[in-house]
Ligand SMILES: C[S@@+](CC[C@H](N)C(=O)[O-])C[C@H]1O[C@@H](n2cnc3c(N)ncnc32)[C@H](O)[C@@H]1O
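Heads up, the chain below is alone and in the form predicted alone; it's given as structure tokens.
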């Protein structure tokens, strides 16, 4: 047998051997295959030369704002060592921006903190080590949650645009059978194509509480993207957080917004060259795949783990509050930083699309 040379060949062989797979499995390989996955390739850049913009690619101010927020949180316990754990650090740019700002502006917090990175990819860890060479004495890496010290995290567990890239299951509504079915992926006619998976999808249990009156008016084929992996991840993070804050910055929606008429095709989308790609299944490993985060599911998962809701706000609202604290403390920005801030909070750029969710230990464990 000839060696498999690319992700197309790997997926085609898998489908030929085992038949159709769920879209979640297809997305997992398209993004995270160790050699050919989209996020394993340096060519998958963000910024002007990449496929999409992020808050980090706007400039170092984003990391600086979060460094200031962490120092403000840390001020409540001045004598305690603190951990900032970032999951999904990609090339390490946000970590570098955060550490540089904290070192310069908040020496009170800098002296007693460590920067931890949760990174399963050997390749991405190498990129991060290059970016953080100046701060290696402050930085520790862990391949998974189980590798963390038994003492857990006292400080913050943070993710920025991580959960939107977790594999999603795509469910469609059948008016004929009044039930949900799962979309899978097959190889047909020389291309990857959609196919209905047989049987009742186990993940559809999450939609069991959909009101009957809503089911009655859902159009045939209405699509919903579910991400149980994100909920599991959030619970794992909550389990390791001994004290402090669990934070997600991402674009997403609430459960009430899931069934809006404009979302009949779900929220899954593909990006290549800063443009929406029309074929979600084309060129696996060469285009970004992303879906809106279900913040309601995360909030409920945190509550089940004993966390309470601290903040749920737009990025614009959250960062503006941090900026006001910095200005009140006498921190001055130059014209470049001011432009970066305007991009981060502008409703037509990143300010409205992204949400900030913060939960903290202290709630009664929910039975839901």
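Positions refer to the first chain, counted from 1. Source: prediction; values computed, not measured.
Separately, the form predicted in complex with the named molecule exists; it is not shown, and the next lines address it.
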Answer with one of 314, 337, 54, 343: the residue that has a non-hydrogen atom within 4.5 Å of the named molecule in the predicted bound form.
54
Quick one: of 131, 165, 195, 297, which gets a non-hydrogen atom within 4.5 angstroms of the named molecule in the predicted bound form?
165
Only one of 88 to 96, 263 to 271, 172 to 180, 218 to 226 has heavy atoms within 4.5 Å of the named molecule in the predicted bound form; I'd like to know which.
88 to 96
Residue 124: heavy atom within 4.5 Å of the named molecule in the predicted bound form?
yes
Is there a non-hydrogen atom of residue 161 within 4.5 angstroms of a non-hydrogen atom of the named molecule in the predicted bound form?
yes
So, in the predicted bound form, is residue 246 in contact with the named molecule at a 4.5 angstroms heavy atom limit?
no
With a 4.5 Å heavy atom cut-off, would you call residue 156 a contact of the named molecule in the predicted bound form?
no
Looking at the named molecule in the predicted bound form, is some heavy atom of each of 32, 39 and 118 within 4.5 Å of it?
yes
